[in-house]
Ligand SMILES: Cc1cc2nc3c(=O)[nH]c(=O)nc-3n(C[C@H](O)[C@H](O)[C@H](O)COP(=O)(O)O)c2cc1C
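The chain below stands alone, shown as structure tokens; this is the form predicted on its own.
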Amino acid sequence: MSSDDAAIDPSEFRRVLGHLPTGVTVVTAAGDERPAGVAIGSFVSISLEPPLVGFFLGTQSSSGAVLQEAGAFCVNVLAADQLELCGVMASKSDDKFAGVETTTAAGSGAPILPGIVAAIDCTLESVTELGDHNLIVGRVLSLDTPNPDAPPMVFYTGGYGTYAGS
């Protein structure tokens, strides 16, 4: 760490960057013992040719280990009315899928959550450690929009809302 890094207060970093609205997703993977799911606010489209997407996940995340072992995952784009589900997937619960009726992504075998705006099924392309997070890159296998008209969940300045549209 350089002396310049020490000058940036982590809480100020989080506060300022919180002014950038982000979509909210849940990344799921089919684990050997049980499925894994984690709420993510850093999902991004990377490339059209080949079709690549990515997100950042803390290096200490137990869900990250399951995802890497599975070698595949599904990105579930949450609808604005799925705040409770988001909270469960952001928690440290041992069984985040209790009482959740999922379907299975054909390519990855990962859970697809009910009521989502979109699903992006992927194989794991690469994992790159960057600071205290890993950049997870996936190659898209298939895409679906089960609820294309549902407003998406958006995270902004520490709270959840939706896109108002124009």
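Just so it is clear, the structure is predicted and the values come from calculations on it, not from any experiment. In case it trips you up, residue 1 is the first one in the sequence shown, and so on.
What follows is about the form predicted in complex with the ligand, which we do not show.
A single residue from the set 53, 30, 117, 40 has any heavy atom within 4.5 angstroms of the ligand in the model of the complex; that residue is 40. Among 100, 127, 57, 46, the residue placing a heavy atom within 4.5 Å of the ligand in the model of the complex is 57. At the 4.5 Å threshold, heavy atoms of residue 90 reach the ligand in the model of the complex. For the chain shown alone, residue 68 is not a contact residue for the ligand in the model of the complex, no non-hydrogen atom being within 4.5 angstroms. The ligand is not drawn, but in the model of the complex it has a heavy atom within 4.5 Å of residue 133. Proximity of residue 63 to the ligand in the model of the complex: non-hydrogen atoms within 4.5 Å are present. Contact annotation: the ligand lies within 4.5 Å of heavy atoms from the stretch 32-40 in the model of the complex, the single such stretch among 32-40, 137-145, 119-127, 104-112.
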